[in-house]
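Quick setup: one chain, the form predicted alone, written in structure tokens, and binding and motion questions come after.
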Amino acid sequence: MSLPPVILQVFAGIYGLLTLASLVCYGISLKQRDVTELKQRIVSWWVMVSVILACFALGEGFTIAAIGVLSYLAFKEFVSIIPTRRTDHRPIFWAYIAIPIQFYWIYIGWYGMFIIFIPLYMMLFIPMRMVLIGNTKQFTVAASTINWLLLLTVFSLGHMAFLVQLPVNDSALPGLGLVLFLLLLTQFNDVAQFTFGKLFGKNKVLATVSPKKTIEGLLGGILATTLLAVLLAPLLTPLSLTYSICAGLLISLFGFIGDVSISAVKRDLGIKDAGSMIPGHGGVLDRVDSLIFTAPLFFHFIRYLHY
């Protein structure tokens, strides 16, 4: 697939920033300071950005499939950290089966089935399958947990894949531009909030959930992400200035909510990271926690305005 020049230009800018970050990391290491974690983070970003570019280049169908794999990995990781009963294995098996089915609806562009398959059909099917097994101990907790995991990791992230298929009436760019806009803003927001928190953070925003999060970091991230949204929206989206500001505010605020929501889960389970698949970042779930909230909200924001 031949990518639009503007998308290639944005990726060139991202690679430029990664090159700068690599040089800064090397400079810090010359001062005999430990940069192991920072180096791991930067190398992981090089890999992740290259994978995203390769998926885009291979076409929309491949990109949808790749997001499906991402959802599978996030669901698998979530299942591995939560306590489950032995009798939950079969319902969880059917939850896994639901993942390729859900992404098939996305691939063929069937919005009606996409929007109800997991929230309705799987929500009814999972407890039905559990009832047939006959174990009533902690039935409510188990049924609620499995359905919630499907909603978070498959249904929510699936909205990012459906952006690829979303026909935007007044945009010459393919849906890949919308996906890139969402990914860039969501991940940039995480970095900006962390950076502003490190530099200026004094007041805790949610001390019992995520002690390192500060009000200064949150506000700095919101301002920086909204500014980036204004700069990128004319390149990658059909959004006007007013709506690009709204998109920046939406993604930055709810990216934060997604981050701390998954932090609350990990704190409840007594773990620091959900996994170790991505060096320097933790697991897949640690990297997509913000996207779980921003993907569906941004999708419906775009769909309401331009479909």
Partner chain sequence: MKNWLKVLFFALLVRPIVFFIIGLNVHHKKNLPAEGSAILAANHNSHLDTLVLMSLFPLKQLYRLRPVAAADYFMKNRWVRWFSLRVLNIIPLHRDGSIPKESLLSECHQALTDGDILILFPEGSRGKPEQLGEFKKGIFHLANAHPTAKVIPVFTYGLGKSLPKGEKLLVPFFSDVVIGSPLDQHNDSQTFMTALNQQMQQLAKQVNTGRILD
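A quick note: this is a predicted structure, and the numbers were derived from the prediction, not measured. Residue numbers count along the first chain shown, from 1.
One more form of this protein, predicted together with the partner chain, exists but is not displayed; see below.
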Contact residue in the predicted complex, from Y72, F194, Y107, F114 (heavy atom within 4.5 Å of the partner chain): Y72
Which residue, A233, A98, V79, L184, has a heavy atom that falls within 4.5 Å of the partner chain in the predicted complex? V79
Specify the contacting stretch among 152-160, 114-122, 133-141, 186-194, defined as having any heavy atom within 4.5 Å of the partner chain in the predicted complex. 133-141
Non-hydrogen atom contact Q32 with the partner chain in the predicted complex at 4.5 angstroms: no
Check I92 for me: does it contact the partner chain in the predicted complex (non-hydrogen atoms, 4.5 angstroms)? yes
Would R85 count as touching the partner chain in the predicted complex under a 4.5 Å heavy atom rule? yes
4.5 Å heavy atom contact, A274 to the partner chain in the predicted complex: yes
The partner chain in the predicted complex - contacting residues of 33-51, heavy atom within 4.5 Å: none
